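The chain below stands alone and is given as C-alpha cells, in the form predicted on its own.
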C-alpha cells in the first residue's frame, strides 16, 4: 500500500481528528507498548495494525484475527501523531460509549482541558479498579493522542464515557450512590465519614475546579488538608489522594 489516496489510508488519516473519531467510533494508538497492550488486553477492539516498512512485528503477538498493513515510511509519517514515530499504529474500535449504570465506584471529570492530566486521571481510575470514568461536556477528548499516551493503555481496562454530568448525578442519586465533590470550600477529609462501598467522585477544571452548579448536587464537598502554602494541587494528584481516601474508608 503506497498511495496516500488509498481509501483506507484516507480514513486512518481522518481519525487524527476528534470529529472523525466520534463519527467512526475508531481511534489510533501509536508505539509498541500501547499496541502490545491493545493486542493482549483488548484484541476484540483492534481493527487493524499499521507498520512502517522497516518495523518488525514480534512473532509472539496473537494477530490471527487482525489485519496487518505494511505502509511506506512516507505514509506512516503522515499517520503518526508523534515527533518521533515508533513504527507501529493500531486502529482500535471504541468500547461502547453507553454503560448500564448500577452501584459501583466512579470518577466524574468536569471540564479538564489538559490531555496529559486527563490521561493520568484515566490511569489513576484504572489503578484503583474503578468501574468507569465519566467525562463531562467540557472535557478534552478522551481519545486525544496525548490523552492516550498519558493513560498508558488504561483505556483498554475500564470504560471511558463522555456524558452530561448533571444527568449522571441525578441517575446516581436514584441508585443511592453517594457523590463527593472536590472543592476548596469543602470539608477536610478527616471530618467526613464514608459509609457506603459505592461512590462517585467529582473533580474539576485545572483552574476553576468543578462547576458550582454541579458541586451543589453533591452529598458532600471535600478537600485535602494542606500544611504548606500551595493554593491547590494538580487535579490528577488530588484525584489520586481522594481516591486513596475513599478506597481506604471503603475497605476499612
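Residue numbers count along the first chain shown, from 1. Remember, predicted model here, so these are calculated numbers, not experimental data.
Keep in mind that the form predicted in complex with a further copy of the same chain is missing from the display, and what follows is about it.
Taken together, the three residues 175, 184 and 215 lack any non-hydrogen atom within 4.5 angstroms of a further copy of the same chain in the predicted complex. Look at 175 to 183, 160 to 168, 125 to 133, 79 to 87: in the predicted complex, residues with non-hydrogen atoms within 4.5 angstroms of a further copy of the same chain sit in 125 to 133. Under a 4.5 angstroms non-hydrogen atom cutoff, a further copy of the same chain in the predicted complex lacks residue 62 among its neighbouring residues. Among heavy atoms of residue 54, none comes within 4.5 Å of a further copy of the same chain in the predicted complex. a further copy of the same chain in the predicted complex comes within 4.5 Å of no heavy atom belonging to residue 219.
Among residues of the shown chain, residue 244 is one whose heavy atoms approach a further copy of the same chain to within 4.5 Å in the predicted complex.
Annotation for 212 to 237: interface residues with a further copy of the same chain in the predicted complex are 224, 225, 226, 227, 228, 229, 230, 232, 233, 234, 236, 237 [heavy atom within 4.5 Å].
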